[in-house]
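A lone chain, given as structure tokens: the form predicted alone.
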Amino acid sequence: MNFQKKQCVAMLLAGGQGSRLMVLTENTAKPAVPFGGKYRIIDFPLSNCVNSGIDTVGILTQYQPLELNEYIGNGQPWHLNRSHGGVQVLPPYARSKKSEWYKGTANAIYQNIPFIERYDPDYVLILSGDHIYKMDYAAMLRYHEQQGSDCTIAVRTVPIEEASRFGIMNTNEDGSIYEFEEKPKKPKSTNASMGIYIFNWKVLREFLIADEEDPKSSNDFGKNIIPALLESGHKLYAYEFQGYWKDVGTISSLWEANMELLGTEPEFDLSDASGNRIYARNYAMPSSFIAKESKNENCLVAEGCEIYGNICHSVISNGCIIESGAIVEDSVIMPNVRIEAGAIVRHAIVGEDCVISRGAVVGGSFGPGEEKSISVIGKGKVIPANEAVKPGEIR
């Protein structure tokens, strides 16, 4: 089969176990976790690719891939159902002697060298599947070309007190990177890596092969590939990104990112007024019904819902039913949840297909300056009538 040459191919790393999201990823891959009422986390990097003119995307899956694979399908919701390129799911595959899981981010790309070489690309864009943001990858690619870079790494400025949590890129005045520090105790700069890379493919291919042959390597971009490129004298540049970006790999960050969608001037605007629309699979549900007796303040309510109770500062996903007398405050309610009459949900994330029965109480309030204790109910769970789930409790 003849494959059309592509200037740039995107490889989306979507195989992480997502253990920090606990019960939310017991049966669901992290990129398939619902977000913002009608989306999944993976919708954001996929939409960014389409909006940036990148039409060939390999999605590298591993843990709990079934729901993610079904969601992606043939890529039609993101206009990636193409005869030349499009989207393709790339799980680890059995070799002649053994089946081998992806050992690290670099090894995942190494195992898929044949897929990339089908398209003979000049550049490869490496993305993570657990970040919420809108970004023009085409602008980053133009910067990469203008600088004559072998590898360009997207960075964002973080407060110096938080810099030790990230991989830090130390740069010269022209943006060239002279040092990479992995979670340094005493960071020299605040340029935090976003885990978004553009490589010249020929250079990356050479280093992936060498890395695979090193038995001491962790097969990781941050720990191995980037330091090896620097040590060998290749040109690496930092591309500064100034928009909204959030790693939603923890319960608190997932809750916070959903809360940041709310208000008349949200920190992250999901509207497509800028032309950067976020695409998602449309389940063609009916319009939501908001009953006259319900009270709703500062909420997002997706389609297919029936709202009879009171909702405040919350995100309600598609297909949910909030019965009369129920109260939902400061919470994220994932798809197809029923919250029965008299139940109270505060500062919580309720997973898909759950039932919060009559009179049950999930979570509670916390005052200014207190640590946020987010209660979490895992997918498909039923909280019995009149039962209490304590603040911060995981079910």
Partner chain sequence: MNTTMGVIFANIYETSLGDLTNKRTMASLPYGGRYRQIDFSLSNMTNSGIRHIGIITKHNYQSLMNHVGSGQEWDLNLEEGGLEYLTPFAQGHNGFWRGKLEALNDAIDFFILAKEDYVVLSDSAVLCAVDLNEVVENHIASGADVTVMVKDGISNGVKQLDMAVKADEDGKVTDIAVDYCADESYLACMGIFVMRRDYLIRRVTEAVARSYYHFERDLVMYAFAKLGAKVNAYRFQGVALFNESTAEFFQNSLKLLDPEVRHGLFNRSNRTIYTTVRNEVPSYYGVDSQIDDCIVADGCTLEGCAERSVLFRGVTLGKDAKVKESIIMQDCIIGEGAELECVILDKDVVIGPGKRLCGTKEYPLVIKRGEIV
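Everything numeric in this text was worked out from a predicted model, so none of it was measured. Numbering follows the first chain given and starts at 1.
Heads up, the form predicted in complex with the partner chain isn't pictured, but that's what we're talking about next.
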{"item": "is_contact(M194, the partner chain) in the model of the complex, heavy atom dist at most 4.5 Å", "value": "no"}
{"item": "In the model of the complex, S294 touching the partner chain (heavy atom, 4.5 Å)", "value": "yes"}
{"item": "Heavy atom of G148 within 4.5 Å of the partner chain in the model of the complex", "value": "no"}
{"item": "Contact of H347 with the partner chain in the model of the complex (heavy atom, 4.5 Å)", "value": "no"}
{"item": "Contact stretch among 240-248, 281-289, 149-157, 196-204 - heavy atom within 4.5 Å of the partner chain in the model of the complex", "value": "281-289"}
{"item": "P45, G37, G363, G351 - the one with a heavy atom within 4.5 Å of the partner chain in the model of the complex", "value": "G37"}
{"item": "Option touching the partner chain, based on a heavy atom within 4.5 Å in the model of the complex, out of I209, A228, L270, A139", "value": "L270"}
{"item": "Triplet Y110, D120 and V124 all within 4.5 Å of the partner chain in the model of the complex via a heavy atom", "value": "no"}
{"item": "Residues within stretch 291-326 having a non-hydrogen atom within 4.5 Å of the partner chain in the model of the complex", "value": "A291, K292, S294, N296, E297, N298, C299, L300, V301, A302, E303, G304, E306, Y308, G319, I321"}
